[in-house]
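Two forms, one protein chain; structure tokens for each follow separately as structure 1 and structure 2.
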Structure 1
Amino acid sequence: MEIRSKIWVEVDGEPVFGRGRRFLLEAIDKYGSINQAAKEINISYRKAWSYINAMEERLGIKLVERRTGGKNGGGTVLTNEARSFLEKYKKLEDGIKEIVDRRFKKIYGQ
């Protein structure tokens, strides 16, 4: 028996950002490609693409700069707004899991 927790951001009651999308943006930042990022975190490109579109629409922020075609087929880089948003989310999330785990051990014991 284990405890799990998650936190996420909503806009108008619709989920807009959580741990999965955090990993997606971080992977895009690392690889410069939605395609590679999706492989890294084990989701389909289609899904990654849908996530990004939904996030941008709901947040009203342009998160990525996409280039299609060209050398290496193109690519995608994070905007400064995306980096800033990501940082805030990381601050929010980091440490929560530890707090929850500690409580779990204390209450359920051993």
Structure 2
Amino acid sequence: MEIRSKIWVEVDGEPVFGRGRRFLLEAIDKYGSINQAAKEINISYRKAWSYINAMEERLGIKLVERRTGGKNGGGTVLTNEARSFLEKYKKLEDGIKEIVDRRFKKIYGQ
């Protein structure tokens, strides 16, 4: 038997950030491409941009920078603010998981 928990961040009652959006930003960081990141997490390019725009608006920070053209083509990179937010979210998620796991073991003796 295992316990699972899920957390997300809301602003004014609207979801802003959770696991799925974390995976999107991590995939953008990995591939340098919103299109490739969207494919990786099985959402449309349009939906990915919708998530990014909503996150930026609700969080009040710029998450991605588009790079155009050039020798190796364009791409998208995470901003320093996005990297910082991601790192903090991962710490929060890990901390919540530790608390939930500990409580589960205490109650169920697992």
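Whichever C-alpha set is largest while still superposing within 1.5 Å between the two forms counts as the rigid core. Please read these numbers as outputs of a predicted model, since none were measured by experiment. By convention here, residues take numbers in order along the sequence of structure 1, the first being 1.
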> Looking at both copies of this chain, which one is the form predicted alone?
Replying inline: 2
> Under a superposition restricted to the rigid core, does Trp8 display a Cα displacement of 2 angstroms or more between structure 1 and structure 2?
Replying inline: no
> Is there a C-alpha shift of 2 Å or more at Lys97 between structure 1 and structure 2 once the rigid core is superposed?
Replying inline: yes
